[in-house]
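Read the single chain below, which is given as structure tokens and is the form predicted alone.
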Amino acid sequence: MSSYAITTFGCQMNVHDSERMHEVLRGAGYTEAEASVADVIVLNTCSVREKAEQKLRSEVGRLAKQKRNQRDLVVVVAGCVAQQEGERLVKQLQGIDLVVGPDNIPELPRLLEELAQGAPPIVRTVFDTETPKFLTALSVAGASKTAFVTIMKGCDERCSFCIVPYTRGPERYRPSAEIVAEIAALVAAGVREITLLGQTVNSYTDPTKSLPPAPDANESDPDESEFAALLRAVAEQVPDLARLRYTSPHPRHLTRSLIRAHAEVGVLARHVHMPVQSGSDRLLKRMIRRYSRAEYVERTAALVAAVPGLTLSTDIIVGFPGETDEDFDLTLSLVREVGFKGLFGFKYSERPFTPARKLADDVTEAQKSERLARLFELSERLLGEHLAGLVGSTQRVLVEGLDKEKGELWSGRTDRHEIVHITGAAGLDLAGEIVDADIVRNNKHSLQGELSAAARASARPRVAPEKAARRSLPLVVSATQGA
């Protein structure tokens, strides 16, 4: 029986794709192993940033050396770089046996069998635009208290800096009944929190037309979608779900119906990650973001007003072609105005096949680095002030598991996405529970809390590992955040 190992570079979508590959390979009889001894090594790649591609090339070079001693080793490149480069990867990098795109994951066992029978290197990167398939990963995801569920794939936005439409194809949506059924199955397996995934997740439209209109849905608004209706359907049909999140939305689909859903659907987390990319209208136009700064501020302010305590985080690109000091100052002022409680910041890097390649990359690397440092400095200050303000409060925390480095310390998140490390729970099993924690200290990026007396009194005692029911371990991957 052959063994395999998967290494993942990229965003949450790539992490979920890796879970699907685990499911497909296990179903075909493969067993998971350490990369040093596996017969098949899969590198699931990201192409949103140039750095991720460099990591791939470095890893393939290392594996090519490993293949000299392990002649039967099969190296698979999957994900967005596989889709982007296709045949070029096999021609440019020695040691690659199979290149497979995100939509071709179901074919992995068949393609590996062809290689075992002596086939030359294979490239399979075909979009499933006619009959889109959405694989599940129930056995892998069900071992955790949190899980991702894909509701759509591809993107039609065509932002000038973004390669996703090329590597993931056009937007394709999953039937709402399938989405609800997968969530129900995951919750039945012990999952407590679901994150809905999509490149523009809140553009969702049910291909089966089976969702009733959401309150305040405006069918004449080109930005309207059926995402709010889907959120309501999940909440109504899976009542045991503890918490519902989604990523990554597009600001123009933050409509009145979605804002109202946040105000009325109790299972929705009080945190939204809403990418903005820049605070300058001039740059937003060059990025083809299809909204203005004022529109972004207006919509996010309406969301925060509708849901007291809701927090926002975002994505920002620094050093986009043509960005001046004045443009960057506008971005900093937007961060202060909105009051983001976290952000992912990136230096602009030119991506193949994107319209921005026609623009002169006229911001120096030194300027990009200086601006990114200033952006992070502001973000850290805003987050620090927010976390310090929570000391002395009691927070509801969904406990995800034990901190691997600190033994008896449990870790989880509030519905606003603050990380909380919980003490005072020695000998107790808090996994998957929503507990009250009294916040005693703020760290740089997290909170320290003590389990409340009431939560301690009602908690389950922890079962010794040798007496616990045998269960598959959570997926472990190497991941970097994408935009």
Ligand code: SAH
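A residue's number is simply how far along the shown sequence it sits, counting from 1. Since we're looking at a predicted model, the values are computed, not measured.
This protein has a second form, the form predicted together with ligand SAH, left out of what is shown; the following refers to that one.
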Listed residue that, although ligand SAH is not shown, lies within 4.5 Å of it in the model of the complex (heavy atoms), from 255, 248, 311, 379: 248
Single option in 84, 300, 277, 144 placed near ligand SAH in the model of the complex, where near means a heavy atom within 4.5 Å: 277
Partner-facing stretch of 184-192, 263-271, 197-205, 330-338, counted where any non-hydrogen atom is within 4.5 angstroms of ligand SAH in the model of the complex: 197-205
Candidate spot 20, 136 and 149, all three touching ligand SAH in the model of the complex (heavy atom, 4.5 Å): no
Residue contact check: residue 347 to ligand SAH in the model of the complex, 4.5 Å heavy atom: yes
Exercise: residue 351 in contact with ligand SAH in the model of the complex, heavy atom 4.5 Å: yes
Proximity of residue 48 to ligand SAH in the model of the complex, heavy atoms at 4.5 Å: yes
Any non-hydrogen atom of residue 296 within 4.5 angstroms of ligand SAH in the model of the complex: no
Interface residues of 146-172 toward ligand SAH, as seen in the model of the complex [heavy atoms, 4.5 Å]: 161, 162, 164
